[in-house]
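Let's start with one chain on its own, the form predicted on its own, as structure tokens.
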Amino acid sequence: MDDLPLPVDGPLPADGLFAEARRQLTICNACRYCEGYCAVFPALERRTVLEDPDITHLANLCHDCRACFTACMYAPPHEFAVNPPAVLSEVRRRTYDDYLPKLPRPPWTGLPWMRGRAGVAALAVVAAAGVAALALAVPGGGPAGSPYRVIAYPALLVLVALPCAWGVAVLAMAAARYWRQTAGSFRGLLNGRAWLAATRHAATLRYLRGGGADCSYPTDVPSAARRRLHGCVAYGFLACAGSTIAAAAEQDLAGVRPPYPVVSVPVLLGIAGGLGLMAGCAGLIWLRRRADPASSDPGMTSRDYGLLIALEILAVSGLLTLVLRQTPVYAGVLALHIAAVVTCFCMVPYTKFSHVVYRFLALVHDSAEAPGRQ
């Protein structure tokens, strides 16, 4: 270890970032004190040479529980300055942008912000404004409290389906690039046992337990708060998706059109999901404000806040459409909610939400490499 270069102060270029990550992970592989904390360290031990794709895979396999940083004897102020949560967080941020397809630059402008996340954000705002205007200008028909009284069903379907298709397509292209670089052949995606293991690990949030004692987050004292709040967000989001699917089934299969009574599957799932998202996002924002900034990349921290605030707006506006659906302000609240949904769908591949896809694929890759891991 005495021959390893010392850390470099200040921001690093991409090649310097991977060199720094390689330096720190080489020290970790020599020490192996944190072997039982999560899947990262056993996966690290299986690699005798760390290439850039290996580092990207390990970065996405990391769940940022920070137990390794708390336990590390080589963490700052030691001269080795080992800080895996921070360096792997920065690797994730850099590679998230690299895997995304770049927007074409319109020929009539040379403005650099028309490419990447800023360009998508500008387009999403314009789309959301159009949705809000259309929702108020093209009313449909239906009883009081029905969204179709505010906006016709075909218009609503198109306005939501197009941004959703865009987000899914961009995420799929990015995921394909990620898998090809980190895992190689797409044949590995056909491993059913790896998918089952990855689903189990993701569903139970196993690697947010920090080796069994839960995350060392937001302080050095292990706590289950982050894992439980993360569960509220994840399962709240799934409940909201389930609410939408149940409403579609009620309408298109059973022939029952909205508004639905409070005691119905779409409404109950929507309430549970909205409340879960509200509580989980608010709690994670509070934990993030208390967490040690030295253990995270500042750019990823800002993306954390952005995702949590966006999900909070979706949850609050969605619940308000239920609470206020029999009032005169319902049209405005519904327009706000639809605009928020459109904006999020347009932006989702360019936000922290993409970590859901990359982290799950990392779990699939790890489960295929170590089939005996339970």
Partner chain sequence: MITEPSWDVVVIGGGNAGLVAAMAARRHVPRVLLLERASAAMRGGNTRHTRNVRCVHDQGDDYTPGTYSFDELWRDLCAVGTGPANEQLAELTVAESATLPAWMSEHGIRWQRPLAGTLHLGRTNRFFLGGGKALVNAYHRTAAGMGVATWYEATAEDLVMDGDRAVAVTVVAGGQRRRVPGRAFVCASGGFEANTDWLRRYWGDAADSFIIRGTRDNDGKVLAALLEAGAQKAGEERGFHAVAVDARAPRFDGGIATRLDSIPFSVVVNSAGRRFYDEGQEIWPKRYAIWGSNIAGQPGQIAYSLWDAKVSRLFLPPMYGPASAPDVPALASALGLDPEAVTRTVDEYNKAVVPGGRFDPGGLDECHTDGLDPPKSHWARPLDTPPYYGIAMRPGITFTYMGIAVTADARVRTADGAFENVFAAGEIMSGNILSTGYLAGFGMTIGGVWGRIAGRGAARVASGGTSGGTSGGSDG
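Keep in mind that this is a model prediction, so the values were computed, not measured. Residue numbers count along the first chain shown, from 1.
The protein also exists as the form predicted in complex with the partner chain; that form is not presented, and the subsequent description refers to it.
Of the candidate stretches 343-351, 50-58, 35-43, 329-337, only 35-43 has residues with heavy atoms within 4.5 Å of the partner chain in the predicted bound form. If you check the partner chain in the predicted bound form, you find a heavy atom from every one of T26, E79 and A213 within 4.5 Å. Residue in contact with the partner chain in the predicted bound form (any heavy atom within 4.5 Å), chosen from W166, Y235, Y74, W195: Y74. Residue-level contacts in the predicted bound form: of E250, D220, D292, D97, one residue has a heavy atom within 4.5 Å of the partner chain, and it is D220. The closest heavy atom approach of C31 to the partner chain in the predicted bound form falls within 4.5 Å. Residue contact with the partner chain in the predicted bound form: S317 places no heavy atom within 4.5 Å of it. Although the partner is absent from this view, T70 contacts the partner chain in the predicted bound form, with a non-hydrogen atom inside 4.5 angstroms.
In the predicted bound form, no residue of 292-320 lies within 4.5 Å of the partner chain by any heavy atom.
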